[in-house]
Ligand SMILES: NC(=O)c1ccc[n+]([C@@H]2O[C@H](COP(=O)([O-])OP(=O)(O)OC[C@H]3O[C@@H](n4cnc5c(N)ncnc54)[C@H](O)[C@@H]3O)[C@@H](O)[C@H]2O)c1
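Below you'll find only one chain, the form predicted alone, shown as structure tokens.
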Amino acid sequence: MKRLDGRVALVTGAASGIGRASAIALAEDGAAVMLSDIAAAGSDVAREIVAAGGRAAFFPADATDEAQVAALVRHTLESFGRLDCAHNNVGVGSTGVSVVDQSWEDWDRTIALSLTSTWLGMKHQIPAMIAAGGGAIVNTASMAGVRYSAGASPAYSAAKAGVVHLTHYAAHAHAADGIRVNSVSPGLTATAIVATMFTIEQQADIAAQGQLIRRAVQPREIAEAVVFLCSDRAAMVTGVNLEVCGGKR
């Protein structure tokens, strides 16, 4: 029996990278998955899951817009009847800027995408999970929110630190509702977005200097952690920030 048979999962930022890998892994383990993204490529991922024998659908939504987030959760309930698991995975940040150099516009956009989106997701997912008798939420944080990273902007570092603490807060606030809330903090991950920031050589250098396992994390490796945290095998795991980073020092 698959770990998530009969469950319904929602994944944001699902068109590529970690979100895409997470949606596919959740479906492979038996969940019906609602994918969401502002990028239309999310519909291609949903079709890929269905072609492989899974259950999936795509609903475009801006994770920083509350009305769209609310509509996404409603559509998930209308499509699959319930909500058991969620992976809030939207986030982006610039590189190569300092506290002094960071612009207001970039700060505001980064906080909205990397922190506000997580809060809005949980705000609307939690009532749906309470109605279903409980559930599990996984938020994508970052090692940049755990310790200093020269490659991350101040806004991104602050936003992801906020995701870690928001996760901890929600876990405490909703444990009595049967809802577990955890976060994953990836190290440098080999996604298309990261490829626009660092060359393959730069990625290798970063991993060699700061990690015990000296390579970039693969999106599927993050996805496997998400599936575990959503499953009953993690029934006593909540309020945890799981570092999936190759032993970043």
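Everything numeric here is computed off the predicted structure, so don't read it as measured data. Numbers for residues come from their place in the sequence shown, where the first is 1.
Here the subject shifts to the form predicted together with the named molecule, a form of this protein not shown in this document.
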Quick one: find which of 25-33, 59-67, 46-54, 207-215 has residues within 4.5 Å of the named molecule in the model of the complex by heavy atom distance.
59-67
Quick check: do Met129, Ala171 and Leu229 each get a heavy atom within 4.5 Å of the named molecule in the model of the complex?
no
Hey, in the model of the complex, does Ile200 get a heavy atom within 4.5 angstroms of the named molecule?
no
Contact flag, Gly91 vs the named molecule in the model of the complex, heavy atom cut 4.5 Å
yes
Given that the named molecule is not shown alongside this chain, does Ala141 nevertheless sit within 4.5 Å of it in the model of the complex, heavy atom to heavy atom?
yes
How about Leu188 - does it come within 4.5 Å of the named molecule in the model of the complex, if we only consider non-hydrogen atoms?
yes
Scan 150-168 and note down the residues that get a heavy atom within 4.5 Å of the named molecule in the model of the complex; none is a fine answer too.
Tyr156, Lys160
